[in-house]
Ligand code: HMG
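As a starting point, one isolated chain is supplied in structure tokens, in the form predicted alone.
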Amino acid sequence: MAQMVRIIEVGPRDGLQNEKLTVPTGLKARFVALLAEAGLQEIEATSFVSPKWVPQLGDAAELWAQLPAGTLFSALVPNLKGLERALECGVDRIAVFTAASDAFTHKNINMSIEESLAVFGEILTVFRSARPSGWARGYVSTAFECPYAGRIDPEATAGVVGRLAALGVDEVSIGDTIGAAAPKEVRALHEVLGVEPSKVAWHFHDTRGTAVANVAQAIELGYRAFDASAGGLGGCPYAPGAGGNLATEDLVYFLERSGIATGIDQHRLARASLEVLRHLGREPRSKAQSAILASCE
């Protein structure tokens, strides 16, 4: 296994975006600061989406102004208007979002895959002009299964990944949106991907308890970048009552126990999401987080 991996923390954006109870901007800023203090070097902080569609992230500009220095922060931008707002705030790392399923893109962003790729081509052109040294990633959701269209052919996912890479993104994050995949499917997708492992991150959900097993398979295949959400924030909106995002605490514990350095303080990480979880009336979903907190009592 590798001696070092990248962990991209997505809790402040992906973890909170579907929460109906508003999280105050100041609390979000403290959450981000604590994640950074725990050693997380890459954090997706927010999305410059319309407040009408995602009220929880309507404070993107206000939050961005409160982010601490010394960490690589990124923001999701759904369209050119969102990019314009992000650039005004000084954002130099962005993410765009599509899927391997037309049914999902229509439901989620009201576009087909082809339409989304056309929009993202425009976004990236403007972004590269405004930020020549900027960094961009492209998300491909429903990489294995769609809640509307069922199982996705690996070739279909690989095709979208390849299209995003051709648009010039620096990295593609491949998402198991409903947490359905098993390691065998990760290997099958890997075998048809035409993108170097160094250009790929994996975004696993733990809805059915297979996320860490999928990470292990991806590492064995040569991948070194993984998304995760502190405290398991995010859930899975297509599987009511089920866990969703892979918890950063579980990922870090697995990696460190396997002899893979993360540079993250597990005790600080375990405490980083507590105030947000209390505000939302939630208990930690992360087994590693619960175990660490119990050991400190």
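Don't overthink the numbering: it's just position in the shown sequence, from 1. Just so it is clear, the model here is predicted, and its values are computed rather than measured.
Another form exists, predicted in complex with the ligand; not displayed. Remarks below refer to it.
Next item on the list: Please pick, from Asn214, Ser74, Ser116, Ser141, the one residue with any non-hydrogen atom lying within 4.5 angstroms of the ligand in the predicted complex.
Entry: Selected residue: Ser141.
Next item on the list: Could you check which residue among Pro51, Gly26, Pro68, Gly263 gets a heavy atom within 4.5 Å of the ligand in the predicted complex?
Entry: Exactly one residue meets the criterion: Pro51.
Notebook entry, point to check: Even though the ligand is not shown here, does Asn110 get within 4.5 Å of it in the predicted complex, heavy atoms only?
Noted result: Asn110 belongs to the contact set for the ligand.
Item checked: Any non-hydrogen atom of Arg128 within 4.5 angstroms of the ligand in the predicted complex -> No, Arg128 sits far enough from the ligand in the predicted complex that none of its heavy atoms falls within 4.5 Å.
Check: Quick one: does Thr210 come within 4.5 Å of the ligand in the predicted complex, counting heavy atoms only?
Finding: No, Thr210 stays farther than 4.5 Å from the ligand in the predicted complex.
Check: Taking the shortest heavy atom distance, is Arg285 within 4.5 Å of the ligand in the predicted complex?
Finding: No.
Margin query: When the ligand is placed as it is in the predicted complex, are Gln41, Lys199 and Arg257 each within 4.5 Å of it, taking any non-hydrogen atom of the residue?
Written below: Looking in the predicted complex, the three residues Gln41, Lys199 and Arg257 all stay beyond 4.5 Å of the ligand (heavy atoms).
Note to self: Looking at heavy atoms inside 4.5 Å, which stretch does the ligand contact in the predicted complex, given the options 266-274, 43-51, 30-38, 246-254?
What the structure shows: Heavy atoms within 4.5 Å of the ligand in the predicted complex occur in 43-51.
Check: For the stretch 192-223, which residues lie within 4.5 Å of the ligand in the predicted complex by non-hydrogen atom distance?
Finding: Residues within 4.5 Å: His203, His205.
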